[in-house]
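Next up: just one chain, as structure tokens, the form predicted on its own.
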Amino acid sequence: MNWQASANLENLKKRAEVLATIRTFFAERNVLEVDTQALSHATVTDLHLVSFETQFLQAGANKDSATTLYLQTSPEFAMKRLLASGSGCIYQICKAFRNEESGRFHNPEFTILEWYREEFDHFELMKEVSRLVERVLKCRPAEQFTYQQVFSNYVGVDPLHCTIADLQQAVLTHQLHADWVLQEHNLDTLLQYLFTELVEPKIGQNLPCFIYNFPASQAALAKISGVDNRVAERFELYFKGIELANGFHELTNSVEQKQRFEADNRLRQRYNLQPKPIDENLLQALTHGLPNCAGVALGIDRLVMLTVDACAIDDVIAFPVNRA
């Protein structure tokens, strides 16, 4: 019966316990909880993210004057505006929205924990993420490997010294039966496909596992390493087949960030996708001055899945999209 919750009462109680534990964790560290908007005039430009959008019409206005607004895919841009305003270290637990598939680990509306720590780099933030996960899941500390290490080990290709042809051959060698790759000419799309198919199932099975120093082409909003310009100061956390978190040593340069957004939109056009409006408020905040900081987004629903050993995200949320 679709009127009933998909999660049982015990799982919903555990979810409440997890949220209480998270808030206690940050209160102990004097990190401020904030609440930012879900609707924005701009959105992400990332090729692989799809935003929900709606039309806002002022009462009595002509319908042709409607403004397009976007539901946030994460609270990142708004939280960085707070950081630039002098908020200090902050966190937020909120809903985020992505107009993508629903499935075992995905619901178009999901709950996210995002936090930012001033004067942390990505290594210091990984330690804090590990401490939070240890407390919630009662597990041992996470292990760490570079993207280059695990990709080379499980795919047999060095991701920092490879060509599209190398990656296409790896798909054939591992008999992945993905004919589309022969027509694919985006290196990062192929890297991500091979990482998802061949690396993710092998890592973090017994301990949480951080993968860090992603290829510079996948920097998103992270700084490029000052030690090795082939990699970005970015990490992801995996545990028992689930991607839990994605974090950055945050880029603070507004000019470079705008160039990345514009490059994303050019790539979108190559794939016959509409360019997305760039968040000028974020760029102005970066110009004003974003403190040196590291930030991370962690999926609450997936974290709760691990606490109750659930098989699907529907087991830990009250009303997934098919019951909404």
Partner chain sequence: MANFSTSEFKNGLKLMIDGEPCNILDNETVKPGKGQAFNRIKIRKLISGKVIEKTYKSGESVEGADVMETDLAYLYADGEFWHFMNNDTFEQIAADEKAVGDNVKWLKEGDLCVITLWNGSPITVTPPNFVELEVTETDPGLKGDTAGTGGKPATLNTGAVVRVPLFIQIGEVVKVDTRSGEYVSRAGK
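Residue numbers count along the first chain shown, from 1. This structure is a prediction, so every number in the text was calculated from the model and none was measured.
Only in words, not in the display: the form predicted together with the partner chain, which the text now covers.
Shown alone here, Ala220 lies within 4.5 Å of the partner chain in the model of the complex, counting heavy atoms only. Proximity of Tyr193 to the partner chain in the model of the complex: non-hydrogen atoms within 4.5 Å are present. When contacts are judged by a 4.5 Å heavy atom cut-off, Phe123 does not count as touching the partner chain in the model of the complex.
Mapping the unseen interface onto this chain, Arg230 falls outside it, with no heavy atom inside 4.5 Å of the partner chain in the model of the complex. A heavy atom within 4.5 Å of the partner chain in the model of the complex is found for one listed residue only; from Asp158, Glu101, Glu143, Glu119, this is Glu101. This chain lacks the partner; the member of Leu207, Ala216, Leu167, Ala178 within 4.5 angstroms of the partner chain in the model of the complex by a non-hydrogen atom is Ala178.
Stretch 181-189 is the answer when you ask which of 149-157, 181-189, 132-140, 82-90 has residues with heavy atoms within 4.5 Å of the partner chain in the model of the complex. Contact check at 4.5 Å (heavy atoms) against the partner chain in the model of the complex: none of Lys13, Glu17 and Thr111 pass. Of the residues in 47-68, those that come within 4.5 Å of the partner chain in the model of the complex through at least one heavy atom are, in sequence order, His48, Leu49.
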